[in-house]
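Just one chain is shown here, as structure tokens, and it is the form predicted on its own.
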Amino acid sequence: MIKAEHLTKDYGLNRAVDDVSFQIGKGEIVGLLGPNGSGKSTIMRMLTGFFTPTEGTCSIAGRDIRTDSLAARTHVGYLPERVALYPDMSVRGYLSFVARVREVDGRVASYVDDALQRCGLTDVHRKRIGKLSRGYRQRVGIAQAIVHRPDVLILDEPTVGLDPRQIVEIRSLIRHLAGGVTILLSTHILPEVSLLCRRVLILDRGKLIAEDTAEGLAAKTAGRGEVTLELEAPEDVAVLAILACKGVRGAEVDGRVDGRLRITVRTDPATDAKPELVRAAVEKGWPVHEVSPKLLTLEDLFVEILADSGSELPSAEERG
């Protein structure tokens, strides 16, 4: 449903996207993961026809976005990072306007009703958009992207700027949209892709540096034999007790959180040392608040991927 071949985009002397190729099949949910400035939005704008590639081609449902742009766009729904909403229009009025622009004349009411229902907007359909909360405005943004019932849905940072409750709601909405539509979504948030996506495309500095399943990414983000242990104990004694546990290779104190000692424990990757760590703490009478695989940050993940591939690691200045 989505095919990109050698996509490249230059802004003067700056190369924002550098020879990126990938394919996404019907019904897939694929995440485009990368830090800010990695080229995610530029790729999405090329796929939706907003930008013309400097080099390379892309197609939607078999229609080339450059040579058959109008036909390709009929198959695409797009939520940009900053969607253009009209605050003085009602939700229904705005979606009816978008539906007419999308040329669903004669069926506008049924298409709008369907989008309202799927996005949980039926109860607020008469309200002015400017009076809605940030989360509901984001729902309206998704509704305008699906009102013409596209085959492909492209979502650029769909949860950015939302509070935790709104993020959960929007993620749930995206999951409910899945299956009947192919979804490509961009994010710089690691948990987002594991919760929503089946496959992940990882970008850095405009290049596609890795492709993985959500399960594979989760395994990478869990670190390499490192466990975070949080407990109530004296520092020196706790470190000695941890080092005596089977499968432990080292321990480093990260500090205290609300009076609790937080320790990074390096373990043998082939051994699950967590039960042994808990047992040692319980025997000493130390309350344990957390014992979990240490999660990599997005920055750490990129360093790991680049190191695995043998690529040159970017300097701090290059990474900004």
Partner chain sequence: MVSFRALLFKELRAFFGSPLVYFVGAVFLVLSGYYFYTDLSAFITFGFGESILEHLWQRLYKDVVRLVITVVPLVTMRVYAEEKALGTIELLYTAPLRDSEILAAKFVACMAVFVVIIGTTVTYPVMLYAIQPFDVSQLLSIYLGLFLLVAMLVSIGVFLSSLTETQLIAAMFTYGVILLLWNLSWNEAAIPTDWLGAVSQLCAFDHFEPFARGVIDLKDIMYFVCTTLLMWHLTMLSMEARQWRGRR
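Positions refer to the first chain, counted from 1. Everything quoted here is computed from the prediction, not taken from an experiment.
The following text describes the form predicted in complex with the partner chain, which does not appear among the structures shown.
- Contact with the partner chain in the predicted complex, defined as any heavy atom within 4.5 Å, is confined among 176-184, 201-209, 68-76, 245-253 to 68-76.
- Of the residues R100, R137, R92, R128, just one reaches the partner chain in the predicted complex with a heavy atom at 4.5 Å or closer; this is R100.
- In terms of contact with the partner chain in the predicted complex, the residue from D123, D163, D105, E235 that brings a heavy atom within 4.5 Å is D105.
- Residue contact check for G27: none of its heavy atoms lie within 4.5 Å of the partner chain in the predicted complex.
- Under a 4.5 angstroms non-hydrogen atom cutoff, the partner chain in the predicted complex has V83 among its neighbouring residues.
- Among residues of the shown chain, P293 is not one whose heavy atoms approach the partner chain to within 4.5 Å in the predicted complex.
- Residue contact check for G49: one or more of its heavy atoms lie within 4.5 Å of the partner chain in the predicted complex.
- Along 1-27, these residues reach a heavy atom to within 4.5 Å of the partner chain in the predicted complex: K9, D10, Y11, G12.
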